[in-house]
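Okay, so here's just one chain, in structure tokens, the form predicted on its own.
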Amino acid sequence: MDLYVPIVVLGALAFAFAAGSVLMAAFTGPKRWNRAKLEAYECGIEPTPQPVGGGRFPIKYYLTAMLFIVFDIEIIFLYPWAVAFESMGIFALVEMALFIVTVLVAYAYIWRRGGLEWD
């Protein structure tokens, strides 16, 4: 259990710094509200009315999000596997091959749906 103490302390310090920064900004920042500050901001352009229900988004938004998630998860699993590969043996090799095949299926789906084409 002593091995986890530095990790817990680092996490507590990071949380305390983040929470302290937000609280200090809320207490010390200027509070001059006016109509312009309370309106939605879209890069200096007047906001356009949206249809009820929010309208439709192209599938590319979701495919791009899926692509980032798939490759982030792949890296999360590949790095520890590479570090401890020698101690795990052939079982780890087979499991990682199955995992990579699963990732390639997701990649092929995104490729086929046009998620990699930037028009």
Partner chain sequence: MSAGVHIIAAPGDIPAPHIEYGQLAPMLIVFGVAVLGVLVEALAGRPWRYRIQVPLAFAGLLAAFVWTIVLAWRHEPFHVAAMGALGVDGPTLFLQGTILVLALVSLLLIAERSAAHFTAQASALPGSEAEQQSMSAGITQTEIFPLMMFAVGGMLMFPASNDLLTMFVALEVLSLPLYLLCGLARRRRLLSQEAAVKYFLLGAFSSAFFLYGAALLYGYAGSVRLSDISAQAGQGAGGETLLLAGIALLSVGLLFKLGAVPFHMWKPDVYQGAPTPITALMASCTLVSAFGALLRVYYVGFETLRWDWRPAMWGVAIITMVVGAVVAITQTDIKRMLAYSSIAHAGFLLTGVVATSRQGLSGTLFYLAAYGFTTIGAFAVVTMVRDAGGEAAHLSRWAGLGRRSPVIAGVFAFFLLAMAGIPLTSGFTGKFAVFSAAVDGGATPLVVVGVLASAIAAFFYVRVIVVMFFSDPEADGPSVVVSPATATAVALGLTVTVVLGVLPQPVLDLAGTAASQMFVR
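Take the two forms, superpose them, and find the largest set of C-alpha atoms that agree within 1.5 Å; that set is the rigid core. Given the structure is predicted, the values throughout are model-derived calculations rather than measurements. Numbering follows the first chain given and starts at 1.
Only in words, not in the display: the form predicted together with the partner chain, which the text now covers.
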Verify the contact flag for residue 86: yes if a non-hydrogen atom of it lies within 4.5 Å of a non-hydrogen atom of the partner chain in the predicted complex, no if not. yes
Are any of the heavy atoms in residue 27 no more than 4.5 Å from a heavy atom of the partner chain in the predicted complex? no
Tell me, yes or no, whether residue 33 is in contact with the partner chain in the predicted complex, where a contact means a heavy atom of each within 4.5 Å. no
is_contact(residue 108, the partner chain) in the predicted complex, heavy atom dist at most 4.5 Å: yes
Within 4.5 Å of the partner chain in the predicted complex, counting any non-hydrogen atom, which residues from 88-102 show up? 88, 91, 95, 102
Does residue 66 shift between this form and the one not shown by 2 angstroms or more at the C-alpha, the core having been superposed? yes
